[in-house]
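Only one chain is shown below, in structure tokens, and it's the form predicted alone.
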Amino acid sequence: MKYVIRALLYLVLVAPLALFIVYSFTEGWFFPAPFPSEWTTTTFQRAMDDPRTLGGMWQGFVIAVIVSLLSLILAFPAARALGLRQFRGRQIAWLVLFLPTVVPPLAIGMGLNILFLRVGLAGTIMGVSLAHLISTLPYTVFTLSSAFARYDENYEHQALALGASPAQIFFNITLRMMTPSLVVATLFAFLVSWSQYLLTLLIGGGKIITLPVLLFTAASGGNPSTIAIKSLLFILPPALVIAFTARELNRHGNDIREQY
């Protein structure tokens, strides 16, 4: 029974991806035909030659990388304070941090759109990146603060007593001990930014077109082949990022085991 349930779960996970692959290389597969009537690479080649598709992938990737870096820079000191320190107003700080996750995204997006129009950030990559930070910061701060809650500051104190500079302590001790959590936080920030649709649409104003925006447009058009191809392209970068993250975490774990 256990293997049957596992097989059904694998089937549920793999079936949509398999359908996307089939639709990407077929034309004229309509219900109730059980199999495609024609196999072709024309549709896939047409999508790959479309400058809007490639431009959307590139802009989305650039924005996701910028958001990941900014999220780590902003989240690191906040997570250290929230994870290691007990202070008055700590619960309020957590509430303010996670407030954007419960407020309707449309309300946040409209408010940001008005603000960014006034300061000239609307319709720019930096404006969209800053808007995405609202969605990514709660995840990165929570991930890093959970790691800091288990962090032992005595290693830093010992290094300081031995004459290490603050920079040496930060790069050789703090960052190395926090590497797994930093990798996971980066993964969360990248995935949330890469899949962001509403904030990109509102702040981008039609000038910044990412793959999720193109995917939603294709979904309203009703062409299964186009939807399948854009869905596969949408899945590809997150899959690569997850694979890279898993490899880095595994390598870091092996390094620690070798030390001990």
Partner chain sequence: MLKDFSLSINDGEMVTLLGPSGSGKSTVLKLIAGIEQLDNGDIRFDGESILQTEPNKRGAVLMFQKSYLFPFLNVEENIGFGLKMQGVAPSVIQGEVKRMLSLIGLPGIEKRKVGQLSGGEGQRVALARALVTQPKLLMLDEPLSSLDTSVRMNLQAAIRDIQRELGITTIFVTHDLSEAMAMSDRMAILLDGEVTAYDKPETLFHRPPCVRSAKFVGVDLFLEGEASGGWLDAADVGRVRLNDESKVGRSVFAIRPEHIRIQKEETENSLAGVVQSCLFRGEALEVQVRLGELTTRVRLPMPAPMFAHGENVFVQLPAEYLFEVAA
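Being a predicted model, the structure only gives us computed values, none of them experimental. Positions refer to the first chain, counted from 1.
We do not show the form predicted in complex with the partner chain, though everything after this point is about it.
Within 4.5 Å of any heavy atom of the partner chain in the model of the complex lies no heavy atom of Gly120. In the model of the complex, the partner chain lies farther than 4.5 Å from every heavy atom of Thr124. Contact between Leu162 and the partner chain in the model of the complex is found at the 4.5 Å heavy atom cutoff. Mapping the unseen interface onto this chain, Ile173 counts among the residues with a heavy atom inside 4.5 Å of the partner chain in the model of the complex. Residues Asp152, Tyr155 and Gln158 are all found to lie within 4.5 Å of the partner chain in the model of the complex, as judged by heavy atom distances. Of the listed positions (Ile134, Met177, Leu182, Leu112), a single one reaches within 4.5 angstroms of the partner chain by any non-hydrogen atom in the model of the complex, namely Met177.
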